[in-house]
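As a starting point, one isolated chain is supplied in structure tokens, in the form predicted on its own.
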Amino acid sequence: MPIEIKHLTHVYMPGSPFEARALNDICLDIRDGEFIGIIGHTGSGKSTLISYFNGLERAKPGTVFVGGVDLGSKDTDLIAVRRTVGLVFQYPEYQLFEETVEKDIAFGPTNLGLPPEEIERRVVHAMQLVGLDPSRAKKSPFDLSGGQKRRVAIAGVLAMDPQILVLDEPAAGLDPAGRHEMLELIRDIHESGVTIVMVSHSMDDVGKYCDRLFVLSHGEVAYQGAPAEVFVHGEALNAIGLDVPECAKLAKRLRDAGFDIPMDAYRLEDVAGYIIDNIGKGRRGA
């Protein structure tokens, strides 16, 4: 279920003294099974962009297609689209409201009018996907930790059985251990067959988990490609308020010192391997 965006522009409060262009002529595509990262400085247009992925915003001008369906068409069933594309907002745990965990997760499937046995199956499966123990099903979500609340909120979206899951800063506000657990959880969901789109400001996170990146700057796609293709533009990324992974910085310093470290080395395990194989033996590049 691919997403394709063509020449999308979004202007807030057009024609007023407060007019602001949030997106400008955006063109991008997301293919089935990918793990996509969308990164950019604050105000770059990331959250505005993903609001188009399931029809919360309607393209004008521009076009947004999900599985070949034009979301801007008046004949498009947006409810069906939102079953396909699940959107998890930043701090989704603030949207919990039911008495128990299972009721919160069941809210979406219940509104779809599904039979009780199917709702129960989806709740159990969603809890398994996010690593929630079945014993928590009858507990109040407000008695859980922050990370567990976020898992419940994500499970509620997964219970809609989306083919694409879009997450806006899913690890925001979590401590380092919770951040790692959340990102590993998202990787597990991806490996279960769900296409993932993750908005983040962390270059280390998107470098570790994502197949491709889209870098936004002032509402435009500044760079796109595999992480290694994006991170080589270190100075340009710094100029638009972004950084590169810490290991990419280390690799550059080693290259500048004359060591033979490939340009596409940016993950910890890659750089460590080259250090062990080459630097530990005292070898430098030509």
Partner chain sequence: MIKNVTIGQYFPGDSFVHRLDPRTKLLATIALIAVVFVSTGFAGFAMIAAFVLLTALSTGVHLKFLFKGLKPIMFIIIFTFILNLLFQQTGGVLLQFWIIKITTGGLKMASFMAARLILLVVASQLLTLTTSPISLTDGLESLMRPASKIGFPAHEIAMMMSIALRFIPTLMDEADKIMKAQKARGANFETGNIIQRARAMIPLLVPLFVGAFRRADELALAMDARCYRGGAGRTRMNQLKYGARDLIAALAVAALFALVILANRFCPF
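Given the structure is predicted, the values throughout are model-derived calculations rather than measurements. Numbering follows the first chain given and starts at 1.
Omitted from view is the form predicted in complex with its partner chain, to which the following refers.
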Contact stretch among 120-128, 208-216, 154-162, 69-77 - heavy atom within 4.5 Å of its partner chain in the predicted bound form: 154-162
Position in contact with its partner chain when the complex is considered in the predicted bound form, options L174, A137, L96, L183, heavy atoms within 4.5 Å: L96
Whether A22, G225 and D264 all lie within 4.5 angstroms of its partner chain in the predicted bound form by heavy atom: no
Close approach of P170 to its partner chain in the predicted bound form, 4.5 Å, heavy atom: no
Partner contact for L144 in the predicted bound form: its partner chain, 4.5 angstroms, heavy atom: no
Touches its partner chain in the predicted bound form: L87 (any heavy atom, 4.5 Å): yes
Contact label in the predicted bound form: E57 to its partner chain, heavy atom within 4.5 Å: yes
Within 4.5 Å of its partner chain in the predicted bound form: residues from 109-123 (heavy atom criterion): N111
